[in-house]
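Let's start with one chain on its own, the form predicted alone, as structure tokens.
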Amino acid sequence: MSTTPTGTRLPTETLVGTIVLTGTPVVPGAAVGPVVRPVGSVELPTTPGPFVPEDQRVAEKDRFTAAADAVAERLAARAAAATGVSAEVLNTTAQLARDRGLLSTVEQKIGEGASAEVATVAAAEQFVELFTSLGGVMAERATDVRDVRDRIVAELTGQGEPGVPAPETPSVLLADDLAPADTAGLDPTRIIALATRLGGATSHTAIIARQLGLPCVVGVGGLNDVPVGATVLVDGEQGTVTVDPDRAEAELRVRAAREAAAALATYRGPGTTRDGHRVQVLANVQDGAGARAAAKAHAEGVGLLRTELAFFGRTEEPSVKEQAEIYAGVFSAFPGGKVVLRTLDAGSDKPLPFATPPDEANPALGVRGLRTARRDPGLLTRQLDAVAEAARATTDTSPWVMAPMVATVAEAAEFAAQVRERGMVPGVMVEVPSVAVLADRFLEHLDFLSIGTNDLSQYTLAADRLSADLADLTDPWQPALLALVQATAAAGQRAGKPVGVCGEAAADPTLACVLVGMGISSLSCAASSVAGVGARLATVDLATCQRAAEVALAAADPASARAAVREVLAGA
């Protein structure tokens, strides 16, 4: 394999006439099929377009409102049929289609004589420029705005809605990148693998592909040169896209992947290494339906209950009763089992009109997570009341409750006191490096820690985790990130308190072995990843996991860490 002087793989290499493109492996597995690409872009109107007389402008505003409502309703319907991150992403996009700021800007431009189509394009461009200028996570919202713009214009003009195709033959989807709503709407019976030129291991595309169990590689150089209809082999474990592969070799690789997947079907839990070391394998969920699916996938409980579902799509905070009903649905899926609930993680890329300021200069470093309680302490206390009410309703549940975006020991201590007052188990998310650095002090006040590797990588490497240009920096195999994970796990062992991982790193079966070797006591991932993680741990003993952790921590970069760990595990 060709490499650069530093050992980094080159984007392409030619092997006996077969082109192999390399990227970042995201979801293991292999699939071969013809290439399809996203449906062509919507034809946008030219500006300024026809002038709308004053007596027709009310009707033109109504036409826009009807189109925006139709788009929002379709997205909301798809969200209702989805679970996990897919539902979250679709709900957020539906909310954007009904955004008051977008609506008022469009109406203003229609009032100046623009048609609904032209006004939509102009208003969207205004928001795109604003989000782009803000940078960071907000810059990523520009993609969502363009996506909603195209859907509304398509509705207004009678064009086909943009998005991913639904081929009759199972196919491989290649793209520069995908709008979150498109990724969330993928049909895994038609799209059997996914590769993108942009994106990283913690992008929405990667997270949703993992939830769907689709072999996926991101950050693939040279992908634009692969023509539609060409046959490709996507290997989500090696991180390769092979163009026109040898048929026999491709069939062998796909067969091996299927056999490995079939072996996972026998997994029933609980999670243990080969020599009996216990590791809880839990699931990330956000509602009762997701929790029931996780139970069927043999998750031992919930390691991350995202509570945002109760809040999305609302202009006002839901009542304690409404929240309690949602939480109780999750608790009842695991009677007597472990359920770790994260309090409201609003802000940054998940703004809520009643919880977060609309015009922060740098929202990723602003009022998000626990910090929303600074502006409205009642948001937190009412949510904790709802969790306690849900626990009482299910009688045999003692929820573990953790706060996101905690930065200081004082914050943790105050939060822990509120949780204990309600008879629940307190912890916090390790997303800010200060918590990892002072983990011993935090654990003096808390009963557990849970590491959110997605945000911890973002804040450790000073790289937006949704930025395609910086995807290599937020790779969960980055040595600096692994060092913080190891330090946190060691603090947990000294205190005799559990430390889990609930970020996307926990869904990587190979990295899971490394985390266990560091002393991580539980791993929480998408329900579709539970069997893969649990089955992989069962093939190695604790000593092998510890050796894997040593070589990963000693590696110079993610690629060499992966290679060194694979070598250790292969010899186990």
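Remember, it's a predicted structure, so these values are computed and weren't measured experimentally. Quick note: we count residues from 1 along the sequence shown, nothing fancier.
Missing here is the form predicted in complex with a small molecule; even so, the following discussion is about that form.
Judged by heavy atoms within 4.5 Å of the small molecule in the predicted bound form, the contact stretch among the candidates 120-128, 452-460, 294-302, 167-175 is 452-460. Using a 4.5 Å cutoff between non-hydrogen atoms, residue 306 counts as a contact of the small molecule in the predicted bound form. Shown alone here, residue 223 lies farther than 4.5 Å from the small molecule in the predicted bound form, counting heavy atoms only. Contact annotation for residue 534: none of its heavy atoms lies within 4.5 Å of the small molecule in the predicted bound form.
None of the heavy atoms of residue 517 is located within 4.5 Å of the small molecule in the predicted bound form.
Proximity to the small molecule in the predicted bound form, taken as a non-hydrogen atom within 4.5 angstroms, holds for one residue of 144, 88, 345, 317, which is 345. Exactly one listed residue, out of 233, 485, 429, 330, brings a non-hydrogen atom to within 4.5 Å of the small molecule in the predicted bound form: 429.
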